[in-house]
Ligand SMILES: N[C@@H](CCC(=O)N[C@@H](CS)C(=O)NCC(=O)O)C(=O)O
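The data below hold one chain only, encoded as structure tokens and taken in the form predicted alone.
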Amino acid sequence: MKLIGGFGSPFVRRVAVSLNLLGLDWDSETISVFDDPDAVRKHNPLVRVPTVVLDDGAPLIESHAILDALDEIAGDTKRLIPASGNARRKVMQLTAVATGAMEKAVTAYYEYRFHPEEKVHEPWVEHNEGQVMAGLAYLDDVAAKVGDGWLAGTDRISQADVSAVVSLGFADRVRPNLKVQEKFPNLAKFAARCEAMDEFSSVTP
């Protein structure tokens, strides 16, 4: 299968890390939706990344739906989101918090990337940055409680861990003014442990 999109996108990167953890065979195709939209459009009418193209040519779009499909492909013994029950709800909850923080960091970053300086709306940036900080603070509290374990209390790494680590790393890279590594030391320590794994380090931005 083929993953379309650059690892600078947290949504692309969390799919890439997940593919590695699931042990699936895949290739990367780094395409910018701004520089070459038609190359993405032929697989995804929304012209968004990540997009995954399966070996039979069928496309998967939107990272949450892609991750669900990849879990199914990999099978129950490898899946990163438990199939049912309390464990599934816990992983999904933490993944949602991490993903929400990613989304808000993207929004704050794009305000400066795509608007001229005189058009940047600072209160909107501050609102989104506040949501980034709230989400990461929540995950930091969870990281403080689990110690050397996994965030959702699972017996192995889950999508909650992947998304939390990717979210922190992205916020640190595009909103350095927030000083997230310094302000969330428990999550930063947890992330450093994960980032040392080949599954993460091989797909750094």
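Bear in mind the structure is a predicted one, so any value in this text is a computation, not a measurement. All residue numbers are counted from 1 along the displayed sequence.
Form predicted in complex with the named molecule: not shown, discussed below.
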Given that the partner is absent here, does residue 48 sit within 4.5 Å of the named molecule in the predicted bound form, heavy atoms only? yes
Determine whether any heavy atom of residue 158 comes within 4.5 Å of a heavy atom of the named molecule in the predicted bound form, and answer yes or no. no
Even though the partner isn't displayed, in the predicted bound form is residue 190 close enough to the named molecule, meaning a heavy atom within 4.5 Å? no
Just to confirm, residue 53 within 4.5 Å of the named molecule in the predicted bound form by heavy atoms? no
Within 4.5 Å of the named molecule in the predicted bound form, heavy atoms considered, which of 137, 33, 174, 178? 33
From the list 38, 27, 141, 62, which entry has a heavy atom within 4.5 Å of the named molecule in the predicted bound form? 62
In the predicted bound form, which of 5-13, 191-199, 178-186, 18-26 comes within 4.5 Å of the named molecule (heavy atoms)? 5-13
